[in-house]
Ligand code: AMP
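Just one chain is shown here, as structure tokens, and it is the form predicted on its own.
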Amino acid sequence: MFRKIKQIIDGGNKFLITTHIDPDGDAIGSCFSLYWALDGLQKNPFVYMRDRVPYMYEFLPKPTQLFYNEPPDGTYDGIFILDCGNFFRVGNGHERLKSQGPIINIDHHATSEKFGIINIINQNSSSTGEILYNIYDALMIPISYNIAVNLYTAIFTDTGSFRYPNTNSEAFLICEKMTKFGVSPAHVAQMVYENHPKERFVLLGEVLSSLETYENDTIALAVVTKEMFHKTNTAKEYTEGFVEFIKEIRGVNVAILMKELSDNQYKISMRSKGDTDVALICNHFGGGGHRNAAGCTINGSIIQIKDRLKEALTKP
């Protein structure tokens, strides 16, 4: 499979790299690392993301060709879709991508759909960043600092700074190798976790005031509304990490954050630290992810959605 990727890269010049909406550290680090890898091979790569890079990842070396809102027009010798379990989650304009070039799908989600002409999906990998490192290694692509810091951040954040069940020995080994290219673990950790504007904590207070627990305090749920964003002068990127914060409550096995997108539409983020497979729950609502970390979008009122989630989580 890696050989086919090598053939596409060697035989082409113009490439598009993209990922899922609301990109996280793995999505951003993976896209940026591949950009610099192709740039180092004297190729002509472009990166498209429907949504802007959240502030905590602005320190990463970013592409000079970065497009938002909709993919740029034109044809490509290869279109790399990274860390994206469902094709529609690329966002606006995803339908026309298949007519713009061959799609290479690289992902580590168990629920990932095989929508590319090449599909490299390894649910045993800690992150998409880990898979990309193995591709670079197999193709003997030289690692620069720009590649290394993006790969490190991809793996570091998707393992929850090595706290999540997806953390494996390969994650540690790759990150250790990245330090040899100049990556400072302390600097990455500080920029990602200790560099928030004060408004984020005001918003967190609002969100925690909505906290509810169910099933003898084993399920915790909180809501963030558009009104909260307006009141605290914040945006959705400020909520990254909130659901993990809720999961830290003693005795809680499943944490849920409901984020209002529009009237009667909510983005659901779920995390678990018990035996509950939240990917199955989210898949039931048209989403997906990992056993212990998943998401979906549900239409309805707050009360309706809460009832649906509680039913899905408590039914035998």
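Just count from 1 along the sequence shown to find any residue number. Computed from a predicted model, the values in this text were never measured in an experiment.
Just so it is clear, the following notes concern the form predicted together with this ligand, a form of the same protein that is not shown.
- Here the chain stands alone, but in the predicted complex its contact with this ligand, taken as any heavy atom within 4.5 Å, falls in 261 to 269 among 30 to 38, 66 to 74, 261 to 269, 48 to 56.
- Exactly one listed residue, out of N168, N122, Q100, N86, brings a non-hydrogen atom to within 4.5 Å of this ligand in the predicted complex: N86.
- A single residue from the set I305, L16, A293, I9 has any heavy atom within 4.5 angstroms of this ligand in the predicted complex; that residue is A293.
- At a distance threshold of 4.5 angstroms between non-hydrogen atoms, H94 is out of contact with this ligand in the predicted complex.
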